[in-house]
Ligand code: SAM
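Quick heads-up: it's one chain on its own, the form predicted on its own, in structure tokens.
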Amino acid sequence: MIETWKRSELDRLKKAYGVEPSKSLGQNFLTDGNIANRIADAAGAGSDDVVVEIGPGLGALTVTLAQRCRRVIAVELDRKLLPALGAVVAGAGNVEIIHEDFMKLRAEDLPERFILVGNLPYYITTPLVARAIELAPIRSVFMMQREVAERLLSAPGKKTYGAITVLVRYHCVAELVINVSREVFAPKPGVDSSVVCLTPKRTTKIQPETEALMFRLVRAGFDMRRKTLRNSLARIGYPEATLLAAMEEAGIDPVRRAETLSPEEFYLLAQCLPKKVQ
């Protein structure tokens, strides 16, 4: 196994295995071992931990993780990268490479406890983050487009605050780890990146029906984010009087917009509404 990833490894692997990044899969290979170390530090994986890596590519992060944790499960969609990736981690008895689309993995396909990491393709970052939350890892550390990171880290009232922000902030504590220049990727993308750590919150007394209704309200509110809640939430199907009564009970002014509500306020509003439209 390669112990320290250097940019020269990319040229070697391209020559040896004919590796070329796929534009359709949004591949930009990390070439800086220092960034890989920062991601591994944020993941906090130790000798007893299992790490699931989304899209290991050519293994720049994989080799760093393998030196720190008990087991790495590297989930790679691109079959063409598998020979080169296998060569990079050859001899590491704690790395398992799975050729699969991470979005198709089920909870039962994964360990009971694991840390999730990945350099996420820009075109599918939001669905991957949402899926990660469903799978409930110990924590997730993702490299992503800086614009998307700003959305995840945004506060109510900002233009970057949206439905994905509410989803992430409701389930997790989101923290910026480091901003990353586009210069450490090959090929160089047109945007800079950020590394974000998502740590699940310890929630209690969550009511599944209330939670489901909450996210219906979130989707309706942000689908028409420039309208007031009184107007944007009408599409849910509740009579206006029912909506207004629930907003009054929750202490939420009906002329506010969805982008001003915290996750806690959305949940409170869902608590005050009947779970079925009458």
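Note that the structure is a prediction, hence the values are computed from the model and not measured. Numbering starts at 1 and runs along the sequence shown.
In what follows, reference is made to the form predicted together with S-adenosylmethionine, a form of this protein that is not presented.
A.B. asks: Would you check whether S-adenosylmethionine, in the model of the complex, lies within 4.5 angstroms of a non-hydrogen atom from each of L25, G55 and I124?
C.D. replies: Checked in the model of the complex: all three residues contact S-adenosylmethionine.
A.B. asks: So which of C172, V177, V75, A163 gets a non-hydrogen atom within 4.5 Å of S-adenosylmethionine in the model of the complex?
C.D. replies: Of C172, V177, V75, A163, the residue with a heavy atom within 4.5 Å of S-adenosylmethionine in the model of the complex is V75.
A.B. asks: Please pick, from A60, L229, V51, V218, the one residue with any non-hydrogen atom lying within 4.5 angstroms of S-adenosylmethionine in the model of the complex.
C.D. replies: So the residue touching S-adenosylmethionine in the model of the complex, by this definition, is A60.
A.B. asks: So which stretch, 134 to 142, 101 to 109, 154 to 162, 87 to 95, is the one near S-adenosylmethionine in the model of the complex (non-hydrogen atoms, 4.5 Å)?
C.D. replies: In short, 101 to 109.
A.B. asks: Tell me, yes or no, whether L30 is in contact with S-adenosylmethionine in the model of the complex, where a contact means a heavy atom of each within 4.5 Å.
C.D. replies: Although S-adenosylmethionine is absent here, L30 would touch it in the model of the complex, with heavy atoms inside 4.5 Å.
A.B. asks: Would A149 count as a contact of S-adenosylmethionine in the model of the complex, using a 4.5 angstroms cut-off between non-hydrogen atoms?
C.D. replies: Result no; A149 lies far from S-adenosylmethionine in the model of the complex.
A.B. asks: Is V168 part of the interface with S-adenosylmethionine in the model of the complex - any heavy atom within 4.5 Å?
C.D. replies: Residue-level check for V168: no, no contact with S-adenosylmethionine.
A.B. asks: Check whether L116 has any heavy atom within 4.5 Å of a heavy atom of S-adenosylmethionine in the model of the complex, and answer yes or no.
C.D. replies: No, L116 sits far enough from S-adenosylmethionine in the model of the complex that none of its heavy atoms falls within 4.5 Å.
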